[in-house]
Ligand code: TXA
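Coming up is one lone chain in structure tokens, specifically the form predicted alone.
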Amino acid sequence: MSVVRVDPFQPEQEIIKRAAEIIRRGGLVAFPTETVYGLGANALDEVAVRRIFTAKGRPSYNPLIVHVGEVEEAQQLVRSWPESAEQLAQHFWPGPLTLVLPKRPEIPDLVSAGLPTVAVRMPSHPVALALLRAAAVPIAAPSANRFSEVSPTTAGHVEKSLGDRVDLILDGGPTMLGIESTVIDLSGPQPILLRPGLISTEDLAPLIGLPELPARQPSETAPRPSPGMLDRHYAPRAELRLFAPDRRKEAASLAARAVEEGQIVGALLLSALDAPIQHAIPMPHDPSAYARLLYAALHSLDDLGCHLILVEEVPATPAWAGIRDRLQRAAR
């Protein structure tokens, strides 16, 4: 495994060429997208895709997102491209929006968890786009970390989590957005929101109406049409506890008890909390800024040896839905 620094805005052609060759010959490359770092392999090579699952310790019932460098490439991977997909792609691609559509048979079942659909996305990060276009194959890429852990937003996070399981890590600096893409299922009669992100339902509504919410899966191991739908996900090593703004006294008491027991307590706070917290990180009141900082803050608190992380709940509005989703899953 090697880590190579790459210009995040004008990636060097020789570095991208080397990474593309690794992808084409069945290797694994970690690379920055605008959301988080992805662990990429040739999506049409089942042996290479299996290396992703092995490296992450990821269960086969959790599908992958296939990244493409052009809209036309996504169209070639699916059996139908409805008007809703065309409108969303024109408006939000390249960008942090994933579309779930009926897949063509050349997509290995391992990519889609055996389901008849595939999740596709065109990222906007210059390094990701350069790699996709140089490799000239679609790249399956979940987040570049061990399964269910906090997603990586720097190359250092990738190296810490996956180490020599990756052939090459492209270090493009911190990611721009900080949480994973919004995922919309367009394979049925009505759009369904499978995973919230920074593209909110309010952003989507003028184009496709308000998407529905998915029916609950019958079991934890049932295949999902999208990543990020498992009950527990995005979790730090420390226990993460959410508290409502009107339950500050209870949160302070919890912190005090933990410190008395010899634990190290961290916190992500929107406002000051009068409690014996050793590592408190003030968080922004803007959802975009909060998302950009969230995973890096959780990684930092884990690195500081925190046993307990208290997190003040964020507003219950569409703009904050992606962040609320990540925090609620991390706390389970």
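Source: prediction; values computed, not measured. Numbers follow the displayed sequence, beginning with 1.
Another form, the form predicted together with the ligand, is not on view; read the next lines as being about it.
- Pro287 falls outside the set of residues with a heavy atom inside 4.5 Å of the ligand in the model of the complex.
- Under a 4.5 angstroms non-hydrogen atom cutoff, the ligand in the model of the complex lacks Thr153 among its neighbouring residues.
- The ligand is not shown here, and in the model of the complex it never comes within 4.5 Å of any heavy atom of Asn42.
- Among residues of the shown chain, Val158 is not one whose heavy atoms approach the ligand to within 4.5 Å in the model of the complex.
- Note on contacts: among Leu254, Leu115, Leu242, Ala238, the single residue with a heavy atom within 4.5 Å of the ligand in the model of the complex is Leu115.
- Shown without its partner, this chain lists Gly172, Gly197, Pro142, Pro191 as candidates; in the model of the complex, only Pro142 has a non-hydrogen atom within 4.5 angstroms of the ligand.
- Residues of just one listed stretch (97 to 105, 244 to 252, 206 to 214, 161 to 169) have heavy atoms within 4.5 Å of the ligand in the model of the complex: 97 to 105.
- Scanning 54 to 68 for heavy atoms within 4.5 Å of the ligand in the model of the complex gives Arg58, Asn62, Pro63, Leu64, Ile65, His67 in sequence order.
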